[in-house]
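Consider the single chain below, provided in structure tokens and representing the form predicted on its own.
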């Protein structure tokens, strides 16, 4: 008789500042996936492989990353969540843990995601939030940024807004909305889409900053979409301003 496998779903938050991204790597133990697998394997006494909804880059944070793993043990998820949070570093914590259906897959079943990018647009740098925002002191026109963002909403080939030149898979994605809100010296960009390419949110953010500062015309955003050339889009905005906020499932 085959052992029954239990599928555990987690929602977690992390400060990605000192990590080399989400994905496990052979040359470093400083990855989010690596830390989770190490602690779960120790607590459960078996080799655990963690599946994430997506790979956040080096230095990028998460408010609501979703992951799952399989175990052949019937676990008390409330007790396990408490134990693993005691073992994990202070900058990675499990917010929620549940038993999922056996077919649930955090990446393949994800329908859409929201990423948030935070810009501090004050004349004086923000010393307390400096690790969690991109600091840009020159004036940014929110109206021009919103106008440029409207070109990017909808279904497009975002190849020009991707850092992976060798990508062979489709680079067509749908952005449902890009919201830009100014609150005092904060400018918050919120991206909701069915999926995002490597560095896509940070390149779009860099492009919108260039439009807002007057270094790039609004119409040039459309040109970058049409040409599919990385050189026609804006700079790669810093990782520390980016947060994976929420992942949605049907």
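Positions refer to the first chain, counted from 1. Remember, predicted model here, so these are calculated numbers, not experimental data.
Keep in mind the form predicted together with another copy of the chain is missing from the figure; the text below concerns it.
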Location of another copy of the chain contact in the model of the complex, chosen stretch of 144-152, 117-125, 99-107, 174-182 [non-hydrogen atom, 4.5 Å]
117-125
Residue 81 within 4.5 Å of another copy of the chain in the model of the complex, heavy atoms:
yes
With the partner left out here, check for me: in the model of the complex, does some heavy atom of residue 129 sit within 4.5 Å of another copy of the chain?
yes
Is residue 61 close to another copy of the chain in the model of the complex, meaning a heavy atom pair under 4.5 Å apart or at it?
yes
Looking in the model of the complex, any heavy atom of residue 167 within 4.5 Å of another copy of the chain?
no
Those residues of 88-125 which, in the model of the complex, come within 4.5 Å of another copy of the chain by heavy atom:
90, 91, 92, 93, 94, 95, 123, 124, 125
